[in-house]
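Next up is one chain by itself, shown in structure tokens, the form predicted on its own.
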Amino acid sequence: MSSAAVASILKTTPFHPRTSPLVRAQTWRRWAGYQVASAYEPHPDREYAAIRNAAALLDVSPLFKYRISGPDAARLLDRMVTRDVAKCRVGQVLYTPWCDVHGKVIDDGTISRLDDQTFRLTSAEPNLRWLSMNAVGLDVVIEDVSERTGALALQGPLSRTILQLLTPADLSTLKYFRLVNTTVRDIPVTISRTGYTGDLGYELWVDAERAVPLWDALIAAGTPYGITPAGIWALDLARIEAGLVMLDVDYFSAHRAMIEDQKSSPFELNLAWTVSADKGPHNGRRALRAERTAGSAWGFVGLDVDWTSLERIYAERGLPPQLPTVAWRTSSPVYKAANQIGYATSGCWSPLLKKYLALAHLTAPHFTPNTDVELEVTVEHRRKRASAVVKKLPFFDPPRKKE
């Protein structure tokens, strides 16, 4: 299908007038019903390098965004998610999953407290129906503002330097997972110190009609600092290094899983830290309390694949190791001796760490750090096993992310 045909079917983001001419390789992809770039160049190398060495500009507008307001707004969200929303202060952002009654994850996203009675919830999938079901009997207004709100992620070690040139807000005082309502070149925006790269970075939330001027201002100020528009391929490499889960890749929504084995709890996704142990009633509380006591059957971990082992299994076929240029998103079995103990869900060659990495679900007790395992690798149509070591996530966690 031609890119023109794809464009006629999919929606475009508010930044499309600027991003579209830059997609040289026409590497379009679908994200939540939108047309977005996998990469602006044929390969994501330069875009990834900008995330880790300068600053990358990513259009993340396809995220679903809900404005939740009213006297019971906090009560609704506290009933729905695993974090303690009552402790969330104005100007704070919470990352959180939310679960069904059985404690299995439906989706994950962020909650931003905009004022005493107003929140913004972001999610990977549509959640309006779920919000409405949980809001029965509550004094709350739920608005889907997804199409009215553009979102940009400015990520990388120079992101603060660039953004500070454009806003009167003192970004040196904006803490990790906090937000500020301000302007960028007189354009009203909300800036949150958040992102999906595991690096220093910010996300900017703007009315859709002001999106293009915001893009232009950031590009103009950031060009001397190496700002680079980046697509999903570069983002995928960064989020794997950061050990961040992706819906429909590393886990399935409990609402769409076909069998129980496709469902995961927050504990099984390395998200135990997001589950409040002492908050009041919320979806899945009973099941999550029981799992906290009994322990989890699965763990979500990193795999550091041994390079010498990779070289050996490729050399057996007279080949050098063949590494993917983009992250893979397929299920690959993981073994301990003769037994399969789990599966990897995504992986990549890390240009920064110079390692072959994977994210994996492993059964207890094999998810203990430093456990030796084997990852299935296909070499010339033959299934081989490469040695790997279980690692606690994240692989990459620079101090600048929170400083």
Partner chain sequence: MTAPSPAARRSSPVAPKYDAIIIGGGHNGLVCAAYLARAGRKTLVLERRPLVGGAAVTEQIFPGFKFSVFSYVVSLLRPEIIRDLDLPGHGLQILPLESTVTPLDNGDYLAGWADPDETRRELMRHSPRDAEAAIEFGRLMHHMAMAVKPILGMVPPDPSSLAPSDLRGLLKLGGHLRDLGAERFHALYKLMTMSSADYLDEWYEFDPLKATKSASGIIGTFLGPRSPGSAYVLLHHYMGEIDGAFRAWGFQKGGTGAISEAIASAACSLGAEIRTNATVERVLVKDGRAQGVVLENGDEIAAPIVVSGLDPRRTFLQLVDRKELPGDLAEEVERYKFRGSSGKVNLALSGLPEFTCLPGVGPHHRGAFSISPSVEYLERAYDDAKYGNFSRHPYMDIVFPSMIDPGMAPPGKHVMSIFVQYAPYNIAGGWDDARREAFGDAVIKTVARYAPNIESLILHRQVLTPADIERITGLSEGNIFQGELALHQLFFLRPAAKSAKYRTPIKGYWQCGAGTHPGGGIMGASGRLAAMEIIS
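The model shown is predicted, which means the values in this text are computed figures rather than measured ones. Positions refer to the first chain, counted from 1.
Unshown form predicted in complex with its partner chain; subsequent notes refer to it.
**Student:** Spell it out for me: taking its partner chain in the predicted complex, does every residue among Arg24, Pro224 and Trp349 have a heavy atom no farther than 4.5 Å from it?
**Tutor:** Every residue of the candidate spot has a heavy atom within 4.5 Å of its partner chain in the predicted complex.
**Student:** Would you check, heavy atoms only and a 4.5 Å threshold, whether Arg67 touches its partner chain in the predicted complex?
**Tutor:** Because no heavy atom of Arg67 falls inside 4.5 Å of its partner chain in the predicted complex, the answer is no.
**Student:** Can Glu374 be called a contact residue for its partner chain in the predicted complex at 4.5 Å between heavy atoms?
**Tutor:** No - in the predicted complex, heavy atoms of Glu374 and its partner chain never come within 4.5 Å of each other.
**Student:** Any chance Gln262 has a heavy atom within 4.5 Å of its partner chain in the predicted complex?
**Tutor:** No.
**Student:** Can you check whether Arg52 is within 4.5 Å of its partner chain in the predicted complex, heavy atom basis?
**Tutor:** Residue-level check for Arg52: yes, a contact with its partner chain.
**Student:** The chain here is shown without its partner chain. Which stretch in 241-249, 171-179, 224-232, 184-192 comes within 4.5 angstroms of it in the predicted complex, by heavy atom distance?
**Tutor:** One stretch meets the cut-off, namely 224-232.
**Student:** Out of Pro71, Pro320, Pro281, Gly295, which one falls within 4.5 Å of its partner chain in the predicted complex, going by heavy atoms?
**Tutor:** That would be Pro320.
**Student:** Taking 4.5 Å between heavy atoms as the contact cutoff, choose which of Asp84, Asp100, Glu291, Glu311 touches its partner chain in the predicted complex.
**Tutor:** Only one option qualifies, and that one is Glu311.
**Student:** Which residues within 28-63 place at least one heavy atom within 4.5 Å of its partner chain in the predicted complex?
**Tutor:** The stretch touches the partner through Glu41, Pro42, His43, Asp45, Arg46, Ala49, Arg52, Asn53, Ala54.
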